[in-house]
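First comes one chain, alone, set out as structure tokens in the form predicted alone.
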Amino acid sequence: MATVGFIGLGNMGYPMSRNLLRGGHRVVGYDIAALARDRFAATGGEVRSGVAEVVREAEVVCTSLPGPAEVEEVYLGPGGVAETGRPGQLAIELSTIGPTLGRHLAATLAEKGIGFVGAPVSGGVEGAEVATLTIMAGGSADSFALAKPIFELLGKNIFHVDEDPGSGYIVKLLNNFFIGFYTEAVAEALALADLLGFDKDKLFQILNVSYGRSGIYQRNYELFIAKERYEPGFALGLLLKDLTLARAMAEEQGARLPIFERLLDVYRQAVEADYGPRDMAAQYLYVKALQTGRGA
């Protein structure tokens, strides 16, 4: 079994690193948060003091980070993967970033003989916990073949999208494009149901076997809205971050997406109203508050 380095041990990274441990790998890890490092150590992981220490020791380096700025720092910053890595290593980037940055990372690492697979995931914390994630991998066939045994410990639906290292990020951003629309549709429909005095449980039972069903409706309603709990599996602020990345990708192509632009504004307003740290299902609370003038 390989020595795997895992950088980013948060809501997604921790369960993924734990699944690699359960699969028999030796896993060395780092996170800027002490609580995340402690939790990882309690599971059997070996904590290191920084990114460079992890990279020097690992055969395969996995990263699961909040966004492009953190990814760029870990890969291209002082003591990062590009500076500290060595020929023959493989980097598996599991965060959600844009395709342009993914291609840049791959090209930079290739100069040092380091393989790269851009492999964003879908399925949330729930999927990470039980290793059922969908994995959207872009990179050379050789790098993908090396990464696949790792992927098989993390997910159930594993796709080699293309040899373009940015291709997985394209799919992931389009996936989250849909999620943004679905989440707002669920929020607005259920807020309207409340105004009509219609039972939301009954509505879900009917619509979940009708064309109105969706995985996001089921997730947001069953796991969060019906339970009136909104601890983040996927925070609303992170959804806005991903939608902003999708907008940048669209702008690079000169795309005109009029409804999407308005949707972004709605999510920005929800985050400004302090719903950002809650799960994305809390968009329902924001829309509901708008009905009484408290959401704006």
Ligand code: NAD
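Just so it is clear, the model here is predicted, and its values are computed rather than measured. Numbering starts at 1 and follows the sequence shown.
Same protein, other form: the form predicted in complex with this ligand, not shown, and the subject of what follows.
Partner proximity in the predicted bound form, defined as non-hydrogen atoms within 4.5 angstroms of this ligand, places exactly one of 259-267, 53-61, 246-254, 29-37 at the interface: 29-37.
Mapping the unseen interface onto this chain, L238 counts among the residues with a heavy atom inside 4.5 Å of this ligand in the predicted bound form.
For V121, a non-hydrogen atom is located within 4.5 Å of this ligand in the predicted bound form, even though that partner is not displayed. For A110, no non-hydrogen atom is located within 4.5 Å of this ligand in the predicted bound form, even though that partner is not displayed. Using a 4.5 angstroms threshold between heavy atoms, Q89 stays clear of this ligand in the predicted bound form. The contact residue chosen from L203, L153, V125, A185 relative to this ligand in the predicted bound form is V125, the criterion being a non-hydrogen atom within 4.5 angstroms. Within 4.5 angstroms of this ligand in the predicted bound form, the stretch 95-111 places a non-hydrogen atom from each of S95, T96, taken in sequence order.
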